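The form predicted on its own is given below as one chain in structure tokens.
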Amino acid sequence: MRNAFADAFYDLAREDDRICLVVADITAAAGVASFQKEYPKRFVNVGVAEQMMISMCAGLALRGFIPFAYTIATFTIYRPFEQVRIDCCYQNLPVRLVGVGGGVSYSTLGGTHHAQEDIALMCALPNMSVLAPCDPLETAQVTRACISVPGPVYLRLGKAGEPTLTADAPDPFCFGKIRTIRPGTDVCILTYGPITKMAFDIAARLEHERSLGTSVVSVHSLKPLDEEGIRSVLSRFKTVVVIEEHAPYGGLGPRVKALAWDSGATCRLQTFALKDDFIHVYGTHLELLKAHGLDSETLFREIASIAS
């Protein structure tokens, strides 16, 4: 995902000299490295100074630029939270906050690098848009689309190595709208970000082993949220499931439950998220997800039980 973002950013920046990049002590990837080399006056590395990164981006935005702040997710939004809130959101400035490694992607680096509450925090901020693409193709599409968003944007990316899932999606990409990326008629899984790959694997097993046609829907825009689209899902499917790599409070799951209540939905609805805990497990990304109860086998059994 970060390479897809970097390449899309590079293409955009070549065409628009208002676009600039401010990073905080992170290695430039793919197209970002090319941009740094070709346009050094529009590239700044502030070092380990994330508050400075955000305030600098706000200043650039006030001067007519479209700045991107780019580093590991926890350091894009947690450490400089006051600057994000006051410098960017309060003034409604077009700063793009790019957080690499959303969720617990940086598994081996511990809680300091786990952005497991980021969706809740960013969605709570007035004027902030929150985007979380599910694969490299959607990342490139979201990156291009976010240029036209008038206020601040938080772009939540995976770390690296995510597979392409949307090449044959039934629904085209439309900014701010949910899209079906795997068709099905019995069960619908609403999800976003890199964990969408797990949702695909579970959907395939449900169809093969339980004869349950399972749709996977990408909710790449968490704010603004496509409430009309989600209400349609709740009315069309007998079983709806939310899978998200995020804390259980303030994410997509509680918002879908609220929409289900408000719309009088009668479907079976279950949400799966990270535990409300800092899990002290050292291991791979998948091993940490398993410690949170978000492994493919566990989710398959629980969803099959709900849908049967």
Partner chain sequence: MSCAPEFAPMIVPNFSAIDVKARCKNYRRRILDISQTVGALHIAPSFSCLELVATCYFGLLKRGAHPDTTDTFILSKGHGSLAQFAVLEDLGIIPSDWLDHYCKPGWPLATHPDYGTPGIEASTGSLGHGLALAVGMAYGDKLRGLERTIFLVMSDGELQEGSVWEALMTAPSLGIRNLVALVDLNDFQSLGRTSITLPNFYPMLDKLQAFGWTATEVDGHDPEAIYAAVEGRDHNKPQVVLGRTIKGKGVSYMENVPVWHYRSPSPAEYQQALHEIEEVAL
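The model shown is predicted, which means the values in this text are computed figures rather than measured ones. Residue numbers count along the first chain shown, from 1.
If you look for the form predicted together with its partner chain, you will not find it shown, but the lines that follow are about it.
- Contact with its partner chain in the model of the complex, defined as any heavy atom within 4.5 Å, is confined among 57 to 65, 274 to 282, 261 to 269, 247 to 255 to 57 to 65.
- Candidate site formed by Ala8, Leu12 and Phe175: none of these residues places a non-hydrogen atom within 4.5 angstroms of its partner chain in the model of the complex.
- Looking at Lys37, you'd find every heavy atom of it more than 4.5 angstroms from its partner chain in the model of the complex.
- Put simply, Ile86 is close to its partner chain in the model of the complex: some heavy atom of it is within 4.5 Å.
- At a distance threshold of 4.5 angstroms between non-hydrogen atoms, Ile26 is out of contact with its partner chain in the model of the complex.
- Although the partner is absent here, Arg18 is a contact residue: one of its heavy atoms lies within 4.5 angstroms of its partner chain in the model of the complex.
- Note on contacts: among Leu165, Leu93, Leu121, Leu206, the single residue with a heavy atom within 4.5 Å of its partner chain in the model of the complex is Leu93.
- No residues of 177 to 193 lie near its partner chain in the model of the complex, the criterion being any heavy atom within 4.5 Å.
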